[in-house]
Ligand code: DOR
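The chain below stands alone, shown as structure tokens; this is the form predicted on its own.
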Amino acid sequence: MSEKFSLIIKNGSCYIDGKLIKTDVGLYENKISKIGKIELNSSKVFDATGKVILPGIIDTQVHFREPGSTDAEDLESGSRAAVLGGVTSLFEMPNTNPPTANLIEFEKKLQAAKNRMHSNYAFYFGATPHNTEQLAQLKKVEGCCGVKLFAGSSTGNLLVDKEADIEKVISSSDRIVSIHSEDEDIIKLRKKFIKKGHVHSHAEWRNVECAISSTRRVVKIAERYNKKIHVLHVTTKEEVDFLAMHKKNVTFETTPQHLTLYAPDCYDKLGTYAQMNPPLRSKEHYDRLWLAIKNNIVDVLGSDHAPHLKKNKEKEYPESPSGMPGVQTIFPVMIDHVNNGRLTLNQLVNLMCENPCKIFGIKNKGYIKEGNDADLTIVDMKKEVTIKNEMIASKCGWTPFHNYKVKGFPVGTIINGNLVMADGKILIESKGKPLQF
């Protein structure tokens, strides 16, 4: 009986079991149905000659601002940017208005995403001091990737800063708790270090102690209750050294921004456009993050895509909001680092495909193998592109990587067996589905 395929990817080098193997991949409906030589039996063929086929790239930290601030982003525009950047699945954050902090708001977000998101998706459930009884019921909630806890204040009004409440959240949750780890008491105490009109003071205000103090505390609680936590956007060498010794209960993320930009240069060049929480820091922290990447101590890369309109970013510091877009650039920026020898392709696939699936329990993704979901990112490792604000599909219309040259660029994004993006164009609308855990 002849095999049926809805899409065949021919002549590419596929990333399988840590190696690049020249082979064809046959997709049927939303699954990888065959890996190997395929005689043509499909009206749809993608010629991947000279290209590398990776498991679908996963971005585990994005803020799409819906509901509440849809002038800066929404679920459709954010996921459109993701797909253009080669990202096939993402985890979206709950610090919206109103926050996604109860089952009613969570269901509303799932409904808002249906048939509107171009990528696959899951949503975080926001922790508050008062919703711990709901955190014990999240295992059975469709499309829930985990619980998000803000130990320090950032965009939005979700905050759990008292130790007893943090303890309650971590001990109650039946899903992994991902933590924005800054110490709220230190943030308040150090407000005197804010210099009006001087964004360079951002990293002095939200200093190293602010980060490491909080991270020590949440790790201690996780270990006491033998619970799994995930520390988001780690920025300091002190945290890297501490977390390297506490891996039993803890995984952690860093961002391409913290691996590409550093102070004071980033503030000299970008001003308030470089403002984010936790801050971009000096080169000694950047260097230690790279050492942690090299030694496989970092678990995951997330973009922390957090768009704001230009008119707001251009307000005088500290009136300017913290955050920058990144979902469209995370993969091109990191592939450029692969081409520059800063990390290997294997390490990048671990950080952005395999580890997210292992840590969060995503089903049927992360690897190119028969029977797995047909989510694939096709990259031209030789393609050179200068990233421009005009390319950014996010409603905010800018990127901190404007005029940044990269070598290596996504040329195809396949989601649930559909070629959704090819050569910088969205080919079909809204094929994303909730991730399964």
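Everything numeric here is computed off the predicted structure, so don't read it as measured data. One rule holds for the numbers: they count along the sequence shown, beginning at 1.
A second form of this protein, the form predicted in complex with the named molecule, is not displayed here; the remarks below concern that form.
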Interface membership of E73, the named molecule in the predicted bound form, 4.5 Å heavy atom rule: no
Non-hydrogen atom contact D304 with the named molecule in the predicted bound form at 4.5 angstroms: yes
Proximity of P332 to the named molecule in the predicted bound form, heavy atoms at 4.5 Å: no
In the predicted bound form, N277 touching the named molecule (heavy atom, 4.5 Å): yes
Residues N95, H308 and S322 all lining the named molecule in the predicted bound form, heavy atom within 4.5 Å: yes
In the predicted bound form, the one of K237, H337, H180, K365 near the named molecule [non-hydrogen atom within 4.5 angstroms]: H180
Partner-contacting position among N207, T272, T128, T155 - heavy atom within 4.5 Å of the named molecule in the predicted bound form: T155
Partner-facing stretch of 380-388, 396-404, 60-68, 24-32, counted where any non-hydrogen atom is within 4.5 angstroms of the named molecule in the predicted bound form: 60-68
Any residue of 213-233 that, in the predicted bound form, places a heavy atom within 4.5 Å of the named molecule: H233
